[in-house]
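Encoded as structure tokens, the following chain is the form predicted alone, with no partner shown.
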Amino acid sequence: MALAQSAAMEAGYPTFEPDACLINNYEPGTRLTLHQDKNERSFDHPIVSVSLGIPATFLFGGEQRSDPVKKIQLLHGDVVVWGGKDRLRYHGISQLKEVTHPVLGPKRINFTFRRAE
């Protein structure tokens, strides 16, 4: 939680206090299709995503699923924060390659911190 708050502060969200954390465990060959995080009661708070394990390609699109996407390589320890006008952009993860992380083995763990209230 401290890491999520620190990252949010550095990105311009000094009052972010997450009250939920989604934990995803990915193996090579899996992916996460483009989606929006829309289950929260308010979109005034950012999303903070922490990546551990094997590399992943983060897909960061636009306001429509059909908009072009930027591909951003995520490595072990990377943190991504998005909010404000970008909060409802479509995003996802490309299919993970068959690789092994020296500590976690053939997997990626992602922590997604948010304010769900």
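In case it trips you up, residue 1 is the first one in the sequence shown, and so on. Quick caveat, the model's predicted, so the values are computed rather than measured.
The form predicted together with a small molecule exists for this protein as well; it is not shown, and the discussion that follows is about that form.
Although the partner is absent here, residue 22 sits close enough that one of its heavy atoms falls within 4.5 Å of the small molecule in the model of the complex. By the criterion of a heavy atom within 4.5 Å, residue 45 is excluded from the residues contacting the small molecule in the model of the complex.
Among heavy atoms of residue 114, some come within 4.5 Å of the small molecule in the model of the complex. Using a 4.5 angstroms threshold between heavy atoms, residue 79 stays clear of the small molecule in the model of the complex.
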